[in-house]
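To begin, one chain is listed below as structure tokens, in the form predicted alone.
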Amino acid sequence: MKQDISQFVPLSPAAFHILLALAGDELHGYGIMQEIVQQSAGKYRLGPGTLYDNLQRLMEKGLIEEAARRSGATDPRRRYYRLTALGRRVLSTEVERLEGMLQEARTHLRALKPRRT
């Protein structure tokens, strides 16, 4: 039975960016922070406290999980994270929701008549 995705959306900006960062590959915490900065062209940054609080919540909800330790990793203390199948569905649902909001906003903006000043 598929889980009801509606209970997870809308995502907070931090959760959205974390899931998006993990959509491509397994990453450790610092790697997630770097990926978020890169994907947002430097406009969104997470501090360690926000990152790790969100990682914990996302794991509790089953959206991400800790990946197996990588062989040859330079620091054995690093924990790697990856999206679960549920996390991937939630991220996809959130992207669709945001696309719908943008489309609606564009429609309303086009309908607005310029104000005379």
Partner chain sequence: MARSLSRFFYRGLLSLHPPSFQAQFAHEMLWIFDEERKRRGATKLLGDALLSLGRQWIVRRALQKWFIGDFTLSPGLSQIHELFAWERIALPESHLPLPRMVQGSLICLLFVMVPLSVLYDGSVRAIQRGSVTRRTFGHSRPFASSGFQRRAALSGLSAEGSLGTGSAFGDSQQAIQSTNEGLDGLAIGSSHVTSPDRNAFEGVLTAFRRHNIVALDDPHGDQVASEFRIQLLHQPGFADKVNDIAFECGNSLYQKVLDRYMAGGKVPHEEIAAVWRNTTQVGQCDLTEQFYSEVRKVNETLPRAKRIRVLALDPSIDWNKVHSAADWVRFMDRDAVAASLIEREAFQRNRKVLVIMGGMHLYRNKHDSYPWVTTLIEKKHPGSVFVIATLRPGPGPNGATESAFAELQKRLGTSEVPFFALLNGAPAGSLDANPFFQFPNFRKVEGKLTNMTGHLFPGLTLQDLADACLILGPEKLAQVDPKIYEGTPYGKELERRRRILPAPPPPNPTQP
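Numbering follows the first chain given and starts at 1. Bear in mind the structure is a predicted one, so any value in this text is a computation, not a measurement.
Heads up, the form predicted together with its partner chain isn't pictured, but that's what we're talking about next.
Trainee: So, 29, 42 and 59: all three within 4.5 Å of its partner chain in the predicted bound form by heavy atoms, or not?
Mentor: All of them do, each having a heavy atom within 4.5 Å of the partner.
Trainee: Hey, in the predicted bound form, is residue 92 touching its partner chain, heavy atoms inside 4.5 Å?
Mentor: Residue-level check for residue 92: no, no contact with its partner chain.
Trainee: Does any heavy atom of residue 50 come within 4.5 Å of a heavy atom of its partner chain in the predicted bound form?
Mentor: Residue 50: yes, in contact with its partner chain in the predicted bound form.
Trainee: Report yes if any heavy atom of residue 67 sits within 4.5 Å of a heavy atom of its partner chain in the predicted bound form; otherwise report no.
Mentor: No, residue 67 stays farther than 4.5 Å from its partner chain in the predicted bound form.
Trainee: With the partner left out of view, is residue 84 within 4.5 angstroms of its partner chain in the predicted bound form by any non-hydrogen atom?
Mentor: No - in the predicted bound form, heavy atoms of residue 84 and its partner chain never come within 4.5 Å of each other.
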